[in-house]
Ligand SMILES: Nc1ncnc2c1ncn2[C@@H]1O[C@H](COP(=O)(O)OP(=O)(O)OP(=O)(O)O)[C@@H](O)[C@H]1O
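Here you get one chain, nothing else, as structure tokens; it is the form predicted alone.
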Amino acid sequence: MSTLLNLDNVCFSYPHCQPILNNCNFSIGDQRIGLIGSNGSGKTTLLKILVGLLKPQQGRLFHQGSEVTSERDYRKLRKNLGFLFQNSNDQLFSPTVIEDIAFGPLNMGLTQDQARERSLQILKKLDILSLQDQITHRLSGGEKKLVALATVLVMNPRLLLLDEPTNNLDPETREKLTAILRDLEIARIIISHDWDFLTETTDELYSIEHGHLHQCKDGHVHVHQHVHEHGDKPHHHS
């Protein structure tokens, strides 16, 4: 397995707060990783450092064996990463769905026709082709999540970074997202409190505690079954 990203003794803290990452070491190649931890433990901060939205205050970030130091290095790194924000409204900004998805390919230098064709292909793959001409801000929360994922996948990333992707999703969209990710042969790090979702979409589990990442070696992600009153109604477990 070749290493795509590597953190070497990375430290990060927000103003007037205790360090949220403290000499953190981590590497990923082609794994499918689920990341768990309490609120405020540094999960989202970790993803933002990996994609370059935040910079390490101490320590080093490596991309394919080379240290990432300049903005040119970060641009090269981001070509391999796809970051799905927790809130889709932070990711979608164009008037229509097709324009949102085509934005990335156009900025890669594709022509209008090439970007549109590539965007239509990903919409078809995600079974949301009917949304192509919809006004983005009028979509439902679930539709926005799938469109946001399309804006990421259209760029052909090597690594997906997903921050609580099932939050506030209706059961149907959650199952659709699960099926999409299960069938994608792309490395990933998924932050989630949804254990059953992690079972379906990841192979390894890490926790983040006191600024350090720990692989959960003594257990494994698993589906659980349960029975309770009104269990036949759509519901959510935290």
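All figures in this text were calculated on a predicted structure; none of them were measured in a lab. Quick note: we count residues from 1 along the sequence shown, nothing fancier.
Keep in mind that the form predicted together with this ligand is missing from the display, and what follows is about it.
Only one of 37 to 45, 22 to 30, 180 to 188, 59 to 67 places residue heavy atoms within 4.5 angstroms of this ligand in the model of the complex, namely 37 to 45. The single contact residue among D73, E99, E143, E164, judged by any heavy atom lying within 4.5 Å of this ligand in the model of the complex, is E164. The contact residue chosen from Q132, N80, Q86, Q91 relative to this ligand in the model of the complex is Q86, the criterion being a non-hydrogen atom within 4.5 angstroms.
When this ligand is considered in the model of the complex, H212 lies well away from it, no heavy atom lying within 4.5 Å.
In the model of the complex, at least one heavy atom of H193 sits within 4.5 Å of a heavy atom of this ligand. Annotation for 4 to 34: interface residues with this ligand in the model of the complex are Y14, C17, I20 [heavy atom within 4.5 Å].
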